[in-house]
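Structure 1 and structure 2, given next as structure tokens, are two forms of the same protein chain, each shown alone.
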Structure 1
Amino acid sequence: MSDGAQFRQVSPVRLYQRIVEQIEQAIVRGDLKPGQRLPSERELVTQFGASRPTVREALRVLESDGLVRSRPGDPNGPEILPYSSAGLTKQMTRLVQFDNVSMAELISFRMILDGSASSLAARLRSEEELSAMERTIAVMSEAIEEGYEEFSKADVAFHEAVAVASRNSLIEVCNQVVRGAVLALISDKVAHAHNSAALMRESLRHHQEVLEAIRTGDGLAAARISRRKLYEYYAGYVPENERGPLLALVEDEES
């Protein structure tokens, strides 16, 4: 027997996983596009040569992953959905809730992403993109009187506008995911805080400062302000003995 080759034990793959893989690959190749329909369940059973329960399990997994949507009583096959970061946000939130990722790690990652997005936006943004940021700031200001839910929507729109201006689609996606996970974990606390309006006004000032740095094209200042303001806003949700990585990001920008 040769001593050169080393093999690993193989793991059985369930049939429904093979069906999921084929449909996923068809979506990636562009053979299936958002809005199109998969064949009916009966037709899928015939095409895959699998049982109805197996096909149903594959469709359940695809729907859970946000790739398809089935409507009760609809005789047509499931609809292919456009890409959404919602599934990633849910997984990121679960990682924190199950203690696989700490809140400190999540917020420090957001500080890194926001700082990078703001820095790039200051250098690369167009006048149209700057105007989009200014509009979201105006909406944030008006939304303080309406309540946290409306304010949060405008807040999200501002960060999305900054991420778009960064010219980096991965920053856009990661920002959506991490920001969504953070908000999912603390938004209820902010909304019901006795000083909720004061927190929103403080957040608005932070965003205005970042916007001004982006407007003047000062990428270093935009990144520094973004990270510092996120630290000031979110540090209170992190145990004091875990704030080291967050503080290091702020101190690094100031050195």
Structure 2
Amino acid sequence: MSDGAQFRQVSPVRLYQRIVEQIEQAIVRGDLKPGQRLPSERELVTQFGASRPTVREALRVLESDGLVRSRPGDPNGPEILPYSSAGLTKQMTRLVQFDNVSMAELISFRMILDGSASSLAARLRSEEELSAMERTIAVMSEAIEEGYEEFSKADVAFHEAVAVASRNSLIEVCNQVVRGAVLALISDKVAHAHNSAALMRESLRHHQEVLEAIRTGDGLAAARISRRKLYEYYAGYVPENERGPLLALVEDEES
């Protein structure tokens, strides 16, 4: 083998991909800002020198990536969308569904994310963020009588508030996705199992403990309590012989 030139693998690049790249980079570069409009499809046809089906394929890809949106009849052309984590969520959801990640892994990951979020929140939270958490706790408390539906909503809001206070949107997004995946997997069972006031009160108490740790800035405690709470809450859905990794996370901070 010659040692002189290094050749990279080439792959045929479709026309529509070229178009996607150009528009994508224009957006990333900032030449196209959210709210601005792309030329109409027919105009793009002339600018790119491709046919309309080809241009449309490119637009469909950009649309599915959440970068633009086309509305039929809109004389202003496709709109550049503000960034949203929808695409990330979609991909992460696919990861969960596709790789058929086990329940144990999901919960383990949630313990890590939620624990880290609590820990960071304890150190970084502002007063406003703290009171936002307090409000969600208050709502949870009131929701106990209104049934699991409402309670669960407030529960999610609390975790969301903690994630926001962690100042890390990656944690926020991942946690959101994983939480959704977990709930989707057990929604049928959980509706009955946890629809008792006693269990909700127990859960509320746990949340209050986490909040207290965040208030006092004790990141270690916040993470530990958060993890243990999740373990107690969800371990029942994990086969016993798969609980090892979860217990490892619970015991981690204690010794």
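Each residue is numbered by where it sits in the sequence of structure 1, with counting from 1. Worth saying up front: this structure is predicted, and the values here are computed from it rather than measured. For the two forms, the rigid core is made up of the largest set of C-alpha atoms that agree within 1.5 Å on superposition.
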Given structures 1 and 2, which represents the form predicted alone? 1
So one rigid chunk twists against the other between structures 1 and 2 - which of Glu129, Glu21, Asp99, Val173 is right at the hinge? Asp99
Roughly speaking in whole degrees, what is the angle the smaller rigid part turns by between structures 1 and 2? 7
Core overlaid, Ala58 C-alpha shift between structures 1 and 2, how many Å? 8.6
